[in-house]
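This document opens with one chain alone, in structure tokens, the form predicted alone.
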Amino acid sequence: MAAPQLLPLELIDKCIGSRIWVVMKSEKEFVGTLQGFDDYVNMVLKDVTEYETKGNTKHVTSLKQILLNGNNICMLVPGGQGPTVACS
């Protein structure tokens, strides 16, 4: 008996209201609570932590809410806590 198939948008839909780690094509990563998304995987996150790496420097920023362009998303990690950042 084959395992039930789960389509990508169905998996993202199951993540609404949960924490998600979003890795962008650039040097940025976001961890927040998924509020919603559309067919293009544009996403709205709340209670967001932004991680940005520039050379050897890592910046961490807290944001109340953000809209991410799905065209710039590289990877989604449901339940992900984000990268480990050593604070200096």
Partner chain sequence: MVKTVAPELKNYMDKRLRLELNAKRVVIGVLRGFDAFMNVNLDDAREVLPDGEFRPLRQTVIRGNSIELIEALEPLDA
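Numbering follows the first chain given and starts at 1. If you're wondering where the values come from, they're calculated on a predicted model, not measured in any experiment.
Below, we refer to the form predicted in complex with its partner chain, which is not included among the displayed structures.
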Contact of Leu68 with its partner chain in the predicted complex (heavy atom, 4.5 Å) = no
inquiry  = My question is simply whether Val77 lines the interface with its partner chain in the predicted complex - judged by any non-hydrogen atom within 4.5 Å.
reply    = yes
Its partner chain contact at Val48 in the predicted complex, heavy atom, 4.5 Å = no
task = May I ask you to state whether Gln35 is within 4.5 Å of its partner chain in the predicted complex, using heavy atom distances?
result = no
key: Heavy atom contacts to its partner chain in the predicted complex at 4.5 Å, residues of 4 to 22 in sequence order   = Gln5, Leu6, Leu7, Pro8, Leu9, Leu11, Ile12, Trp21
